[in-house]
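There is one chain below, alone, in structure tokens, taken in the form predicted alone.
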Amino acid sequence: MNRKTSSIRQREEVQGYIFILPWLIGFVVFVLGPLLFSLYGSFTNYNVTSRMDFIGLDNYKRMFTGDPLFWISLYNTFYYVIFMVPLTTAGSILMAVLLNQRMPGTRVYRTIYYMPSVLSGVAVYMLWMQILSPETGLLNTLLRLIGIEGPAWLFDPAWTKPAIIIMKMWSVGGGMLLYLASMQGIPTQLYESADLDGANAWHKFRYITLPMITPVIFFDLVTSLIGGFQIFQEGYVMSQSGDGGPMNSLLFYNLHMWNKAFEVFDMGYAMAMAWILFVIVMIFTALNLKYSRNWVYYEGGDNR
């Protein structure tokens, strides 16, 4: 009986591996293989066409000591992440709270606010380039109506990154949908008990809604943080000539890496930059995971 059971288990294991074999092959060929190749390539002078000589840590040394644009691109990316992540998270929560109310036309408003998050990226950037035009743009036109002379936005180095962040605030509908679904899953008995205790709207949000949606906030923070460090299209499409201008104010890390890899074919250096970005993202993700147990509430009581 034991031999028969063991044979069945082995056969099931073999069948299981056969089922996941296509995924394993795809992972090795398209993920693990390129990953290991880029790690090795970061220690070479690989230029795509001819050279791939091992040069040790020269790419990393040049990155930190001989490439001023590396620090500029890193600063621009951190600036974007530091302001974009909390603002879009707060905006998504606020919008979800407002659209979670029972009022006529709520479904229509939910659809309207969600639509920007599903629009094509480049089309959205072209639209916002028109909106942010200093002379004829909609935003500055509205500001003039209330007596404010708007900035040059994408033409002023001091306002380019705030302009990108404002554009991102327009598409918080995706996060709003997550928070809305989470809020609608909160037991109504909690709010009824709070009403009996005389709690006002702020107290119910602070002590019931906010703790109950912290798992979604944690998920949103992690994904937004990773996505923020991957910013590329905005700088490439919306900057002057796609070079991160004016004055490198939109030269984000990934755009600088792209220029090194595909403009001057310094692929080994670009691979080294990719691994530095990987380490940065892993550090922030690990910090999020470590400190999440201090503020993320799970209904089961397990915050590990």
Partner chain sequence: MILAGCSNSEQSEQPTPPADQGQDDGEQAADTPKEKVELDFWSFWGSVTRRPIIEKIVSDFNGSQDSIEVKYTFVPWGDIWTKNLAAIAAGNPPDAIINDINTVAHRANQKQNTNLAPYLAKESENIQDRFFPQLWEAVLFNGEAYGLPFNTDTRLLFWNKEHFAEVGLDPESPPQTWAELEEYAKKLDKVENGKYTRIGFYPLWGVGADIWMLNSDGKNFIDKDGNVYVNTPEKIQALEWIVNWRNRLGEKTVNAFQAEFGSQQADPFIAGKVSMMVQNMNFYTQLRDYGKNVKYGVTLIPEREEGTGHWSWGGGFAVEIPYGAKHPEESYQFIKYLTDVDAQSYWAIWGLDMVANENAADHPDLQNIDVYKVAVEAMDKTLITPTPIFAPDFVSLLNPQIDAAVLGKASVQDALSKAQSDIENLVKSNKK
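Keep in mind that this is a model prediction, so the values were computed, not measured. Positions refer to the first chain, counted from 1.
From this point on, the text means the form predicted together with the partner chain, which you will not see here.
Undergrad: Since only the chain is shown here, I'm wondering whether Pro157 would be in contact with the partner chain in the predicted complex (any heavy atom pair within 4.5 Å).
TA: Flag for Pro157 set to yes.
Undergrad: With the cut-off set at 4.5 Å between non-hydrogen atoms, does Leu35 touch the partner chain in the predicted complex?
TA: Residue-level check for Leu35: no, no contact with the partner chain.
Undergrad: Can you check whether Asp53 is within 4.5 Å of the partner chain in the predicted complex, heavy atom basis?
TA: Taking the distances in the predicted complex, the answer for Asp53 is no, it never comes within 4.5 Å of the partner chain.
Undergrad: With the partner left out of view, is Asp197 within 4.5 angstroms of the partner chain in the predicted complex by any non-hydrogen atom?
TA: Answer no; every heavy atom of Asp197 is more than 4.5 Å from the partner chain in the predicted complex.
Undergrad: Please identify the residue among Leu57, Leu69, Leu39, Val29 with any heavy atom within 4.5 Å of the partner chain in the predicted complex.
TA: The residue from Leu57, Leu69, Leu39, Val29 that makes the contact is Leu69.
Undergrad: In sequence order, which positions of 181 to 220 have a non-hydrogen atom within 4.5 Å of the partner chain in the predicted complex?
TA: The stretch 181 to 220, when checked against the partner chain in the predicted complex, contributes no residue at the 4.5 Å heavy-atom cut-off.
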